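Have a look below at one chain only, the form predicted alone, in structure tokens format.
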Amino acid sequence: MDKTFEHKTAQEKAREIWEKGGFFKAHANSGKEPFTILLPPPNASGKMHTGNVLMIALEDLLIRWKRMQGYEALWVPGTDHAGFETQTTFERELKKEGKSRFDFDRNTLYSQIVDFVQQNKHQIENQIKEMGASVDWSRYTFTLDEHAVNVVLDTFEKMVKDGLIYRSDYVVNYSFKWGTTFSDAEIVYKEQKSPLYYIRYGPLTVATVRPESKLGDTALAVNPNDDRYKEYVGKDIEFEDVLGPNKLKVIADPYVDIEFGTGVLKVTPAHDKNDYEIGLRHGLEIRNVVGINGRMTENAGKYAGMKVLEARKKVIEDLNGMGLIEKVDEDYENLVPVDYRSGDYIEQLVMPNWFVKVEPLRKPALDAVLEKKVNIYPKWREITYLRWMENMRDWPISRQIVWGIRIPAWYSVEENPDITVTFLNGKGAITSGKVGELLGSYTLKEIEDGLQSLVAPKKAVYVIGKEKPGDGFLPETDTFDTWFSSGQWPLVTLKYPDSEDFKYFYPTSVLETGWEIVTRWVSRMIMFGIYLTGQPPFKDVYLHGHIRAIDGRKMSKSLGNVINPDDYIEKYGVDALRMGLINGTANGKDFNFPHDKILGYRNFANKIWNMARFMLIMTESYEEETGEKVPFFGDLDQELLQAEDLEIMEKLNGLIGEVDKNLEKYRFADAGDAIYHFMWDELASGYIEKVKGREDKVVALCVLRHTYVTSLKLLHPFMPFATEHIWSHLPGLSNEPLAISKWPGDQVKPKK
């Protein structure tokens, strides 16, 4: 062995051993009990962050432990197309070239994003390999693989037939300039001064920057803790309005800010996301007064047909004329949503979206946890899941983006002349309007070839199917929410429904992921798993915490405190980073990035290397002096063991039980900490120092080798590179690599 430990050499040599041997490929129908983990798919076009590193470290720990225990261990890798995030990333690249998504039709843009993802996907794959993840690459899955897409489409078609899918209204960010919706990630907020109008609603006064939206008000809201308005809660307020006599109910909702304005909020569910949520909680009417053409709808009465700003001006004029404006704060500063590209105004509109009826799916998924068919660790995280499932509302699953799995719906233009389309015409100009009117100037083929987006009325007639049903149809342009597709991850990765993998490895053993997606992802996987197979997709769920910056704040580029794991891998090695993060965890709680622990485990790697060198040097010296081989522990006469030998063996046996017990309970830090202190304190500082001067060197060396090698096995799932590299230098152990060696069971307990 070299005098000093080099983590880069260890990483290179260990990877060579594993890749050459193909030891991580699992075999269905091997007769062994399966143990299966599915890697939560990272973004295919991104790079790993510290959360990804922690996830891989924990899952690799589990899968290596179970593989060494004799299970048929399968860890399936994959990556996620990541809808909005990937499309937004790609659009940033387009912007550098002076282009945007609005320069392309839908199919062309999709093809360009495919190329972009393929060029970048290898980055995350290489990082997974660099981390030492013992995944089965032969089963790699991408969420837009043909099989994955077909499973998602088949599920949707089944849900349609089972009456679980419907179209209804949902609030979206809409750009009149571009004729499309924007994700929350694409919205920027511009600070500006806007007049804040204090408008009388009978005995109550409301402060608002959007007087024209009052035409869509369906309630007034106050905070339930605001004593000023308790007498009005639950009552109808009658008042004179610009459209004539009006009446609105006063409701109590904790969203209302007591300190803002007068503490009274006008609720306009059709044109504000927060108001929409209030409306859902209180069963309010949704009255849309702004259309997708940027003009006031017929619900706006005499203001119908006006552009928004024109209507605002006229409403203010009329309110003043009626004496209903109490005062105006001309210096009020507020944030206005605009699109990231042009800075143009964004309106929040209620538009038709596709929904899942969750009630038939929610109850079985809730019962699965209550009845312990699925166990959530740490247990205190379970309440988040239970509250979410108990209060879950119907799920909007459509997103107005290109990058994703298109909802397989088709609209007959003859039956649906009111469909609104936005497309690039033959001259490359963006054109919008109702298809029935546009067909007088453009062919259906020209519209379809240049199609960017389509908005169908809520009551539009549609056909569901993977293939176009015939001439005269336009496709739905909405794509599935990524949680709808990734919610079927356990099914698509195991090639549901007929593969040998699915029959053998489903349900999987454990899902390990971040706590923040227990509602968005974990719940959906359990719902889909039970709906399609009758069984939850996994038995256990472990939820790890977020990694904060060293200073305890959330990592942020603007704060300059983002930690790049590549820097730590380069300086300290993968093992030190993995072990530092594992032992820095706080049983599912958020924790600060453990810089000092990583440094400490770099030193620990050096320590166990030096322990191995010492053992080899002492063994070689003894064998040269005596001409005899140091026997293995099983061949040693147990009567020769001394007190310190018996003591270290007893502590070793206790360590094995402690590590297994903690890993079974997903107490990773406790297990790793126990190994660390045993090897450093008990073995290196204790036993080795005690036996250095012993005359019966053969006994001491035999016990030392057995204790060290056993400890090395226990440490392997935590620090796979250093341990595998050391193992390869230890003669006479086995021709097999450490990664597939037998996990320590009950050790021989010598006579006392």
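Every value quoted in this text rests on a predicted model; they were computed, and no experiment measured them. For the two forms, the rigid core is made up of the largest set of C-alpha atoms that agree within 1.5 Å on superposition. Each residue number is its position in the shown sequence, starting from 1.
Separately, the form predicted in complex with the RNA exists; it is not shown, and the next lines address it.
Taken together, Leu265, Trp515 and Ala684 are fully in contact with the RNA in the predicted complex: each brings a heavy atom within 4.5 Å. For the residues Ala207, Leu153, Ile237, Val160, the 4.5 Å heavy atom test against the RNA in the predicted complex is passed only by Ala207. Exactly one listed residue, out of Asp567, Asp257, Glu650, Glu623, brings a non-hydrogen atom to within 4.5 Å of the RNA in the predicted complex: Asp257. Residues of just one listed stretch (398 to 406, 273 to 281, 453 to 461, 119 to 127) have heavy atoms within 4.5 Å of the RNA in the predicted complex: 273 to 281. Remark: Asn334 counts among the residues lining the RNA in the predicted complex, judged by a heavy atom distance of 4.5 Å or less.
Put simply, Asp596 is close to the RNA in the predicted complex: some heavy atom of it is within 4.5 Å. When the RNA is considered in the predicted complex, Met611 lines it closely, a heavy atom lying within 4.5 Å. In the predicted complex, the RNA lies within 4.5 Å of some heavy atom of Asp670. With contact defined as any non-hydrogen atom lying within 4.5 angstroms of the RNA in the predicted complex, Arg387 is the only contacting residue in 387 to 416. Relative to the superposed rigid core, the position of the CA of Phe156 differs between this form and the one not shown by less than 2 Å. Taking 2 Å as the criterion, Glu624 does not count as shifted between this form and the one not shown: its C-alpha moves by less than this amount when the rigid core is aligned.
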